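To begin, one chain is listed below as structure tokens, in the form predicted on its own.
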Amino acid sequence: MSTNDDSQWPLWEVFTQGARGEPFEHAGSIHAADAELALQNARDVYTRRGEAVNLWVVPSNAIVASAPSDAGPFFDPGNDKPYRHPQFYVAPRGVRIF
């Protein structure tokens, strides 16, 4: 048995949409030779019980993500940009402000 990961097909991330208009959610990962096969495999694995009406498959190596070590300045809310806060706008009558 070989443990070399290079012998496997590329890894794809699968996102499913439960109903029209709902956001896509990450469902899992699969290995497939190309996009068409990835889509077919994702359909077979993640929609067997009618859980989804739409699928996305994305090559894992195309996803760029932050690292846990990026916490801190990378995720700070930007308090130096007060125009992003709604207190500078007049709310129309009947609009409830939290």
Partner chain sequence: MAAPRHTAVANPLAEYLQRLGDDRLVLGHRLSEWCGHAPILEEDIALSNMALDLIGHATSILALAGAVEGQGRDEDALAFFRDGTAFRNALLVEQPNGDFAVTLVRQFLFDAYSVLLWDQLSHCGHEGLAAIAAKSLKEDKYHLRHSSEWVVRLGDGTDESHARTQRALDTLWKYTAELFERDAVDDAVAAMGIAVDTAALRSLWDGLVNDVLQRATLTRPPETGPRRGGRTGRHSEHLGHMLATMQSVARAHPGARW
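Positions refer to the first chain, counted from 1. Bear in mind that the values here come from a model prediction, so they are computed numbers and not experimental data.
Absent from the display: the form predicted in complex with the partner chain. The rest refers to it.
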{"property": "Distance check, residue 30 to the partner chain in the predicted complex, heavy atom within 4.5 Å", "result": "yes"}
{"property": "4.5 Å heavy atom contact, residue 44 and the partner chain in the predicted complex", "result": "yes"}
{"property": "Residue 26: touches the partner chain in the predicted complex, heavy atom cutoff 4.5 angstroms", "result": "no"}
{"property": "Contact label in the predicted complex: residue 34 to the partner chain, heavy atom within 4.5 Å", "result": "yes"}
{"property": "Position in contact with the partner chain when the complex is considered in the predicted complex, options 40, 54, 66, 61, heavy atoms within 4.5 Å", "result": "40"}
{"property": "Sequence-ordered list of residues in 52-66 near the partner chain in the predicted complex, where near means a heavy atom within 4.5 Å", "result": "none"}
